[in-house]
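Here you get one chain, nothing else, as structure tokens; it is the form predicted on its own.
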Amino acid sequence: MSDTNLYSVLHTGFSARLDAVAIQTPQRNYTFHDIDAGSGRVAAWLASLRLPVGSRVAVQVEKSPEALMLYLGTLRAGLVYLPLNTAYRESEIAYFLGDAEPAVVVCSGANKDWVEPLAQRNPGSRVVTLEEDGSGTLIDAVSGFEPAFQTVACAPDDLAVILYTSGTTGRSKGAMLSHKNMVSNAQVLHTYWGWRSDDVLLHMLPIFHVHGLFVAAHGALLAGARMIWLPKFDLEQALHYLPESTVMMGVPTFYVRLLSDARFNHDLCARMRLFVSGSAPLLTDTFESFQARSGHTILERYGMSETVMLTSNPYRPIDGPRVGGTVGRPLPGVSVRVVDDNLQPLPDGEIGHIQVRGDNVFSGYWRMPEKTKEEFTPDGWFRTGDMGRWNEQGYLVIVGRSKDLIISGGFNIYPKEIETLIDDMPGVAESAVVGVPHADFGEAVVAIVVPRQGVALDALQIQATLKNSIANFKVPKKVHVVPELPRNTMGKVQKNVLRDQYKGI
């Protein structure tokens, strides 16, 4: 069997640079040799447990270099990695552990008292701890094992990772990603975004998610590049480390916070070659303001838990401009189509369902065969649940989730269209538009608007301005001005929370 183990592929990127710094933290540096040895010890310990093929390793710990070694060691042992958001609480963890039945659960020491009883509902499951400072019973357990470990060979379709979706509606689903899914995406992005061994990645994202773990960390490892490894976004640390960085990946909030500080300027970005934004839409104002202040054009891209990355604005100028408000063209090896309800392709400019296929697309949802069947078309395309259109340049424009579509009085209303108009109004920082139940229209449009600091917005004036721009059925029946929008840990606006909060129109 040819080895498609993701770790083996990543290792080819840094095997000639074992003495180089792989991870730089404010406390110490870790070389690629340290990463290789640390993950080898983890893999050896896991192998000593003699777990069945396909066993899951569930992990809910704070970000640390040792947590990355745990992920890589799980891959090396041929087991399945299951990262869990650190914000999840007991009832949520109970569901994930009950559904995935992991053989090993890694948590913080502070949570062990309530995690262990949940884990032990699965007979034979063991619980170890890992702290943010790199200590814990996991480290004690692996310390007696040799660092040299022969990575387990894996077939392309062998399961590597299960990623649970955020579960904003209904039960969370475990997306099953194979080694082939992950390898194909890592290799495509390595080439498409021009990764180099002399790159320095400013890594401030969490590592329980596609963006931080698979897009950012895989990119640096495959390139043999250094990562400046920070627990989370911190404005002072970001300003401190930007001058020695060449690549930064972030959610839109990162860029908004950088722009909020007068010290952020062109000089700080002199070495930078690439800023990437994802996980949530980037406002046009942020895109343009960042370009003016830094001299750099943010690259927006589009991906999902089920597919890793799908599309990207161009990296090389020869391939075209980066256009704000779009997520670019399909990546090499990825097919994207925009279709109507009958699966017929739509012409440029018309809004429809975004569907995708390629080696990066997952095989299905964990223990949900019926849901898996439902999410794929008869001709094998994955239904992303997103709505979008192609612009005149052949770039994909996402207008929202299909579940966010508002149908009022029989008319289809796309929230993004209204949000864009509101966001462009003077004094508006951002907005969210949702549909709420309405006795006459079925659904009514409601806008929730955040003002810029020090600005007092008039809700009635916002409505009046919109009446001059769009059809009356699209104009919000109510506008609420609030200090901030509810967001999940990846910066996505929680529209389900807003729908519930403002349903009493």
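Throughout, we count residues from 1 along the sequence that is shown. All values reported here derive from a predicted model rather than from experimental measurement.
Below, we turn to the form predicted together with adenosine monophosphate (AMP), even though it does not appear here.
- Residues within 4.5 angstroms of adenosine monophosphate (AMP) in the predicted bound form, judged by any non-hydrogen atom, belong to 273 to 281 and to none of the other stretches in 131 to 139, 112 to 120, 273 to 281, 74 to 82.
- Although the partner is absent from this view, residue 401 contacts adenosine monophosphate (AMP) in the predicted bound form, with a non-hydrogen atom inside 4.5 angstroms.
- In the predicted bound form, adenosine monophosphate (AMP) lies within 4.5 Å of some heavy atom of residue 386.
- Of the heavy atoms in residue 305, some are within 4.5 Å of adenosine monophosphate (AMP) in the predicted bound form.
- Contact check for residue 17: no non-hydrogen atom falls within 4.5 Å of adenosine monophosphate (AMP) in the predicted bound form.
- Interface residue among 322, 353, 180, 301 relative to adenosine monophosphate (AMP) in the predicted bound form, by the heavy atom within 4.5 Å criterion: 301.
- Of the residues given (107, 327, 248, 258), 327 alone sits with a heavy atom within 4.5 Å of adenosine monophosphate (AMP) in the predicted bound form.
- Of the residues in 199 to 225, those that come within 4.5 Å of adenosine monophosphate (AMP) in the predicted bound form through at least one heavy atom are, in sequence order, 209, 210.
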